[in-house]
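Presented below, as structure tokens, is a lone chain in the form predicted on its own.
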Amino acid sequence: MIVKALEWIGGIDGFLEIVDQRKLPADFVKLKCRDVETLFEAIKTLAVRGAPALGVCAAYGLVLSLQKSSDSDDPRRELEILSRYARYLASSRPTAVNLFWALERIQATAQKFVDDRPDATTKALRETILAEANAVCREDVDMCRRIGENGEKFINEGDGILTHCNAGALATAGQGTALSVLFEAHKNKKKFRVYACETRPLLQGARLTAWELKQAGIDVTIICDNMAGWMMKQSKINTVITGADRIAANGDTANKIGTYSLSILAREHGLPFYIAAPSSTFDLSIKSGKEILIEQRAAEEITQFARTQIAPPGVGACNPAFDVTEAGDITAIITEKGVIEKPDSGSILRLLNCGTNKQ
């Protein structure tokens, strides 16, 4: 079984329903977001997370933003409301580029609709925005499947595969990015074992990835983050695959903190290191990973565990949510459009512009 992480319920006056990932794996609870403020809090506190999922949620968030506006038939006033709430949602998390991509896409659609139809009603505008948000969601589902189909050839019979954080169905509207590759390989009857790094400090690997893989019937073993190198040396692991939150024009990739360390370990042990991500995760406006803004999260995520203090009171903690893996340490980036082997600025542009890799 592959879980459905999010779903829009109803029409323009509907709501967004998400799986509350803060509760997993102990409880499977769905959270109903009926206003933008609830969605903002869900994103900020990681009730919903994962770059593609944040993009879809952002799109639906702009549908929610117009539900409480007045019924005055003024579409241009609605555009002002959209802009205000887009800025609000964009401030929820700074690193995952899909969030900003989706907000810009919905606003551009709304602007074009109003420009092309001066006499359009606000109801028609809201229906257009919902239709575009639904399109973002459908495309995400299709994107996940195609990433899996493009990447499953890298999974061999008997492989030991390491993954980090969660890049599965819980991180998307579909079946995931990195985990989609594993789901497709499993569908093709390949036998392999997955090692899921627990992913400190919030344990997305232990709580979410292991839960998803177990639900799908895939052999999964949890390891502590600091065990990966030794497992590689023992030949338990021979492939690494992760997702991504933002990819620079040169292929440098931001992902959950700890990914950079795994890329160095993979290089030292001569193992392939794959990134699986949609084309919407590329940010061609930045030349390299040095320009990626890294989110800093609360110290309490490290100094406390399940609200229990595990560090001396008053001790500081550094808590960057992401790190950046250099393109030179990435064997290939698997996208819905194709595979970019030995990624660099040229190969990335060719794939994004043409939809096929010319290497």
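These numbers come from a predicted model, not from an experiment. Residue numbers run from 1 along the displayed sequence.
One more form of this protein exists, namely the form predicted together with a further copy of the same chain; it is left out here, but the text below deals with it.
Asker: What is the one choice in 105, 190, 269, 145 with a heavy atom within 4.5 Å of a further copy of the same chain in the predicted bound form?
Answerer: Looking at 105, 190, 269, 145 one by one, just 269 meets the 4.5 Å heavy-atom criterion.
Asker: Answer with one of 326, 35, 300, 291: the residue that has a non-hydrogen atom within 4.5 Å of a further copy of the same chain in the predicted bound form.
Answerer: If I apply the 4.5 Å criterion carefully, the residue I get is 326.
Asker: At the 4.5 Å heavy atom threshold, is residue 225 in contact with a further copy of the same chain in the predicted bound form?
Answerer: Although a further copy of the same chain is absent here, residue 225 would touch it in the predicted bound form, with heavy atoms inside 4.5 Å.
Asker: Is there a heavy atom of residue 246 no more than 4.5 Å from a heavy atom of a further copy of the same chain in the predicted bound form?
Answerer: No, residue 246 sits far enough from a further copy of the same chain in the predicted bound form that none of its heavy atoms falls within 4.5 Å.
Asker: Verify the contact flag for residue 154: yes if a non-hydrogen atom of it lies within 4.5 Å of a non-hydrogen atom of a further copy of the same chain in the predicted bound form, no if not.
Answerer: Residue 154: no contact with a further copy of the same chain in the predicted bound form.
Asker: Is there a heavy atom of residue 31 no more than 4.5 Å from a heavy atom of a further copy of the same chain in the predicted bound form?
Answerer: No, no contact at 4.5 Å.
Asker: Establish, in the predicted bound form, whether 43, 273 and 284 all lie within 4.5 Å of a further copy of the same chain, using non-hydrogen atoms for the distance.
Answerer: Result no, not one residue of the spot touches a further copy of the same chain.
Asker: Within 4.5 Å of a further copy of the same chain in the predicted bound form, counting heavy atoms only, one of 134 to 142, 202 to 210, 118 to 126, 176 to 184 shows up; tell me which.
Answerer: Partner-contacting stretch among the options: 202 to 210.
Asker: Note that a further copy of the same chain is not shown here; using its position in the predicted bound form, name the residues of 147 to 172 with a heavy atom within 4.5 Å of it, in sequence order.
Answerer: Residue within 4.5 Å: 164 only.
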